[in-house]
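Consider the single chain below, provided in structure tokens and representing the form predicted on its own.
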Amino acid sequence: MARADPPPPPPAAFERRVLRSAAEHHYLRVRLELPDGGARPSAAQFKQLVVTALRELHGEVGAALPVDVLTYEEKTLSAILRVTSSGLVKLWSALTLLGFYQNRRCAFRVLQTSPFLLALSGNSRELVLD
């Protein structure tokens, strides 16, 4: 009696998995550029400028987006913002398209973004070796 060969193994099944960041918040390091100088916004005015940018592009719904200014340096006009991950694109686009502050030209530059605040603590491009 001939012995039957075992059945061939099933073909390998490949599964593509795309994982979105599970982080609740995203952090952005931004800088406000005022080419003509003049008065620099205080921390409260900076926050109001961010809310204004959201309102202009996304209306009242955009203005209601929870955005926190974690740090703000008036000297350099740079800040770290925290936004819910679902609102990252809205905030980024609103900041990018803002063009005026107190009837003067301005521009926001998004320098870094990350779901981890610690990632914004240092920038390897600014590292100075002794």
Partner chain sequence: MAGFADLNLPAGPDKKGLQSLLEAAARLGYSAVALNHVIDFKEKKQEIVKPASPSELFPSLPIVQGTSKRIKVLNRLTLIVSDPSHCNLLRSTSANIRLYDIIAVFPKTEKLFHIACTTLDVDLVCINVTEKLPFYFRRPPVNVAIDRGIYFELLYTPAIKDSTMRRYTISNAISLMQICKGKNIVMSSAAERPLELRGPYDVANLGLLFGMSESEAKAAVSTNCRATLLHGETRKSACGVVYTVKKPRKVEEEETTLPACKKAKTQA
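Predicted model, so just to flag it, every value in this text is computed and none were measured. Residue numbers count along the first chain shown, from 1.
From this point on, the text means the form predicted in complex with its partner chain, which you will not see here.
Contact annotation for the candidate site: 46, 75 and 79 all lie away from its partner chain in the predicted complex (no heavy atom within 4.5 Å). Interface membership of residue 35, defined by any non-hydrogen atom within 4.5 Å of its partner chain in the predicted complex, is confirmed. Although the partner is absent here, residue 96 sits close enough that one of its heavy atoms falls within 4.5 Å of its partner chain in the predicted complex.
Its partner chain in the predicted complex is not approached by residue 65, whose heavy atoms all lie more than 4.5 angstroms from it. Among heavy atoms of residue 92, some come within 4.5 Å of its partner chain in the predicted complex.
Contact annotation for 50-80: residues with any non-hydrogen atom within 4.5 angstroms of its partner chain in the predicted complex are 56, 57, 58, listed in sequence order.
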